[in-house]
Structure formats: structure tokens, C-alpha cells
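Starting off, we have a lone chain in the form predicted on its own, written out as C-alpha cells.
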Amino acid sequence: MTPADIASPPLPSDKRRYVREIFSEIAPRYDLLNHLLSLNVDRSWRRKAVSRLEWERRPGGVFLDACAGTLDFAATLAGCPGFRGKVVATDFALPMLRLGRRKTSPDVVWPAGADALQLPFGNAVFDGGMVAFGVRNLADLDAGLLELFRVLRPGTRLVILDFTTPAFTPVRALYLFYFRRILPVVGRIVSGHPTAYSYLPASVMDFPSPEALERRLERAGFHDCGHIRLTGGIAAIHWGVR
């Protein structure tokens, strides 16, 4: 059997509604599964992504964490030595935000219910933006990138952390077998949700390559874009300057 023989389920037709529902439903087990299924390597990925934000240029600024989930990314930035700013953490799955509040100080991280495609903020108000494992779930990726561009100040950075597919064939084969055969079973057992962890591999297969995402960032208006692959190419950090 080859990776091509292992089929992923189709993505939902009403992606926005489906994503809000599943992440609301799996919120109580979301952190446990993230760390379990990634063998805790997701923590180091977030630290490396935050280091690309160049927040040190504006240590007292206000930063956006879109699709913030249970606030792991926001907490990573808030915990950086020397950070004196604020993080506005938005998500439309409100149970995720509620469960994440215990990780951070309300004086530093401000959770807000909001859809990343319709952010309730003015133009050019944030000193940097970041998204971890979120843009892949947007119903309209290009519209989401334009919205993130809109709310950032000129000269500030957007950093995106997300899964990708390894390019090296042996690693890719093992990765796809794990992602399509093992992860959905473990995720279904631990989360109790019948489809959430089958949606995950389908969404990764449908997501642009790092090179293609870089081009889409440029089309949205960002410049000085780049990316690095992590852990054999199973995830990548992307960035661009507003």
C-alpha cells in the first residue's frame, strides 16, 4: 500500500460552521491531544514561531493572536522575558478561549470572540500578528490573509505556524500513514468526537505547500516573506511584513 492509497475524507462543504462546531466540542481534550499526538514538540514549534515575530522591536505593543484556540500561542508570547505588551487573542470557538484563560494573566492576554474573516478591529491597529494551526481552517484562506494584513500596522510582521507535508519521500510515507491511519483513531478515542481527527489530515492535505502559501502572502500585500520547515518538514513557520 502506498500513501496515495490511503484516502482522507472530503472536507466539509460548510467549512466555517463545521470548524466552529468541532473545535467547540473537542475543547476539553484539545490540549491533551495536541501534546500527545505531537510528542510535545508543538511547544518548541510555538517558541520558534514567536521568535520570528520580532516583538522585541515593540515590547510594549499590542499583538494579535488570531484563531487563538486555548491560548497556547498567546501564552508563549506573553511569557517571553522582556515582553511588556498585550495580546488580543481571538477565536470563534468560545469554549476554546474559556478553557485557555487559566494559562495567562488577564492583564496581558485579552480573549475575544471573533471570526478571523471578520475581525472587529480598525485598520492598522496591531504591532504584529500570529496564527498557530488556524489559517488552514479558514473557509477562505485568501480573504483571511487580507483581513490579517488590514489590521496590522505598516512594517510589522505576521507569523503563521501550521502543519505541512514532508517533501522527503520516506518521511512523507511514514507521516501520511500516521496522519491518516493512527491519528484519527487515537483522536476519536480520546476526544470522543467521531470526525474531528479525520478532518485534520484532510485539511492538511488540502493546505498549500509552504512555497505556495508564501506566494499567497505576497498576493495579500505582505513583503519580505519566507518560511522554514520544522521536524523533518511536518510543520512550517511562515512570515511576512505588512
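Start at 1 and count along the sequence shown; that's the residue number. None of these values were measured; they are calculated from a predicted model.
Not on display, but discussed next: the form predicted in complex with a small molecule.
- The small molecule in the predicted bound form is approached by Leu138, whose closest heavy atom lies within 4.5 angstroms of it.
- At a distance threshold of 4.5 angstroms between non-hydrogen atoms, Pro201 is out of contact with the small molecule in the predicted bound form.
- In the predicted bound form, the small molecule lies within 4.5 Å of some heavy atom of Cys67.
- Contact annotation: Phe207 falls outside 4.5 Å of the small molecule in the predicted bound form, judged by heavy atom distances.
- Checked against the small molecule in the predicted bound form, the residues Thr195, Ser51, Asn34, Ser44 give one hit for a heavy atom within 4.5 Å, which is Asn34.
- Note on contacts: among Val87, Ile160, Met96, Leu145, the single residue with a heavy atom within 4.5 Å of the small molecule in the predicted bound form is Met96.
- Picking from 127-135, 166-174, 79-87, 149-157 the stretch near the small molecule in the predicted bound form, with a 4.5 Å limit on heavy atoms, gives 127-135.
- Annotated contacts: Trp55, Phe63 and Val109 are all free of the small molecule in the predicted bound form [non-hydrogen atom within 4.5 angstroms].
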